[in-house]
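Given next, in structure tokens, is a single chain: the form predicted alone.
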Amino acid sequence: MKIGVFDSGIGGLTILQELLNVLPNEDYLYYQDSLNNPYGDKDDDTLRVIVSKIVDYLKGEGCKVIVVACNTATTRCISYLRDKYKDLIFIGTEPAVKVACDKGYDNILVMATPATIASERLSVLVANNKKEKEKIYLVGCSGLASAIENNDVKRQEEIIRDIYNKYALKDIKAIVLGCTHYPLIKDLITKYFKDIPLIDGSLGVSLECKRQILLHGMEINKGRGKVIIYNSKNG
């Protein structure tokens, strides 16, 4: 069995790393779609064409399970993909709002791309999990994923500093990292938001992947697996 994983760039590698912790012996094909990065500025029709081509490629390479390691692609495309490719198993990535709420944090900051913040799926997550006294602040971090992708350290710090200045007095108790790129700059975020827990969905995605594999009667590989990384910019 081969597991396909895709993202608009390097962010999904944070998901891949956790998958390797949970399912260390599987074969993985990681599709880094640098050619079409970022996803957040694409309309839904364009994004569906893009991700369909990726899924066609991963399916052609023998992937039966596909992890959408991108919050934007998940919130906007995963229902479409599940309807179109009924023979594949899709595991999505979405902001870990439920995890933060279940832990009892009352002031939660959700950082994500503007496209994810504006998605209907995130609205549903907040509505289904927010308790009466909880405050959830949704922040569309425009340009942050691209700054991480391009290793623009100066721009990363400008964006995080601006967010901190806006929310420093809100008594934030937890931060949900709603983009797979953001865990790559945890040190920068905690430089400003000191001693505030950072929550991302990578472990939950990996555990769900394992659960779906077992649920569909697939065997967990006991041998040594391998990881292949494909970059669309080089294809």
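Start at 1 with the first residue shown and count on from there. Given the structure is predicted, the values throughout are model-derived calculations rather than measurements.
Not pictured, yet referred to below: the form predicted in complex with D-glutamic acid (DGL).
Next on the checklist: Taking D-glutamic acid (DGL) as it sits in the model of the complex, is N37 near enough to touch it, meaning that at least one heavy atom pair lies within 4.5 angstroms?
Outcome noted: Yes - in the model of the complex, heavy atoms of N37 and D-glutamic acid (DGL) come within 4.5 Å of each other.
Next on the checklist: Residue-level question: is I175 within 4.5 Å of D-glutamic acid (DGL) in the model of the complex, judged on heavy atoms?
Outcome noted: No, I175 is distant from the partner.
Item to check | 4.5 Å heavy atom contact, L109 and D-glutamic acid (DGL) in the model of the complex | outcome: L109: no, not in contact with D-glutamic acid (DGL) in the model of the complex.
Checklist entry - Quick one: does V67 come within 4.5 Å of D-glutamic acid (DGL) in the model of the complex, counting heavy atoms only? => result Output for V67 is no: heavy atoms all beyond 4.5 Å of D-glutamic acid (DGL).
Checklist entry - Quick one: which of 39 to 47, 163 to 171, 203 to 211, 189 to 197 gets within 4.5 Å of D-glutamic acid (DGL) in the model of the complex, going by heavy atoms? => result Among the candidates, contact is made by 39 to 47.
Next on the checklist: Heavy atom within 4.5 Å of D-glutamic acid (DGL) in the model of the complex: which residues of 68 to 92 meet that condition, in order?
Outcome noted: Those in contact are C70, N71, T72.
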